[in-house]
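Just the one chain here, the form predicted alone, laid out as C-alpha cells.
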C-alpha cells in the first residue's frame, strides 16, 4: 500500500506520478495542496482522538444483511417518500429482498463500500496526523445510514474512545436532503436518544458538501483519461462521456433540493479539467417505484445515443466515492448488457476507491476545515446547510440544522 510509508516520503517520491492511473505533473498538482509537515516525535496515544465521521448510505456486507438494509432504506421518508410508509416499507422490503440478494451475490456476496470507506478513512487520517499535529491523533469512524456500522454503532465506538471533538464528514460530495440531510438528521436523533454527542459532550463541525473540490475533480478527470485509452486514437475525442448519478424523486427536486445543481457543478468542473475534449451528458440512475424521478435515465440515454449513431460511450459514476451495487451491478452488468445488445462500445471510468489523488484530496479538505475552524475563520456549519429548501416540509431539518450550528450543544426540541 502506498500509504504505509511516511507521508513526507510519499509526497517527495514519484509514487503518484508512476501510478497507472496518474499522469498529471506531480509538482503542478502538489502546489495546490496543503503543506505536509513531519509528524511530532512525541506520542499522542493517550490523547482522545479527533473523530472524522464518514457518513454514507452504506450497503450490506453479506447476503443475510440485505433484508435489514432494504427495510431501513424504505422506511426513510427523507430518501423515499411513500404514502403510508410504515405499512408499505416492510412489504416492499420483503418483496425485493430475493431479487436484491441475487444482485449482491452476482457482485461477490456483498457490498464493498465498507471496505473502501475504511481504507480511505485510514489513509486519510494517517495523512491528517502529519498535516495537523495539533489535533492528532485522528481516527476515522463510519456511520452508515442503512447498513452496519450504523450511526448508533459509530457513536458507541466514539464514546468508548472518549471523543470530544468530531467532524461529520459527508461522503456524498453533492448535498441532498435525502442523503446527507438524512444522515445528519439521524445523527441528531441517535445522539439525543443515547445521551452522548448531542448536548455538548462532543464538539461537532460539519463538512456537508464539496462538489467542486479540486482534488475530487482531478481524481475523476484522471480516471476518465485512463478509461478513454480503451478507444482507438482516431475515435477517442468523439467518445461520449456519460456521467451517471443516483436520481431523485422530482417531488424532492422541485421543493428546492440542491443536489441536481451540485452534481451538474461537479460534471462541469470535471469537463473543464479535461479541456472539454469530448461531448458529454449528465444522466440519472437507480429509479425506484412508480413516481416521477429526475431524468433522463442512464440506460435510456444510451439507447437514444445508439439510435443516432453514437456507439462509443464512457460511463462515469459522478456522485459516488467508491464502488457499490449501483456501479458493480447496475452499470457494469445491467446497463452494459443492454449496451452490448445495441452494439455500443461501453466502458466505465474506474471508481475512486483507492485513488491516491482522491485520498490526498479528502485529507487536505479535512485538514483545511480543522485549521479554519480552530482559527475561527469558519463556524460549525457552512451557510448553505443553514438555508432550508424553499419548499421544505420536514420539521426535523430545522432542528438538526439549529443543533449543528451550535457545534452540538443542547437545543430545545
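Fair warning: this is a prediction, and the values are worked out from it, not measured in the lab. Positions refer to the first chain, counted from 1.
The same protein also exists as the form predicted together with a further copy of the same chain; that form is not shown, yet it is the one meant from here on.
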Go through 289, 200, 279, 90 and name the one with a heavy atom inside 4.5 Å of a further copy of the same chain in the model of the complex.
279
If we test each of 99, 86, 229, 237 for a heavy atom within 4.5 Å of a further copy of the same chain in the model of the complex, the one that passes is 237
Thinking of 63, 125 and 137 as one candidate spot, does a further copy of the same chain come within 4.5 Å of a heavy atom in every one of them in the model of the complex?
no
Under a 4.5 Å heavy atom criterion, is residue 120 part of the interface with a further copy of the same chain in the model of the complex?
no
Using the partner position in the model of the complex, report whether residue 211 sits within 4.5 Å of a further copy of the same chain, counting heavy atoms only.
yes
So, in the model of the complex, is residue 250 in contact with a further copy of the same chain at a 4.5 angstroms heavy atom limit?
yes
Report whether the minimum heavy atom distance between residue 295 and a further copy of the same chain in the model of the complex is within 4.5 Å.
yes
Please determine, with the chain shown alone, which of 384-392, 63-71, 367-375, 47-55 has non-hydrogen atoms within 4.5 Å of a further copy of the same chain in the model of the complex.
384-392
Would you give me the residues of 297-332 that have any heavy atom within 4.5 Å of a further copy of the same chain in the model of the complex, in order from first to last?
301, 304, 305, 308, 310
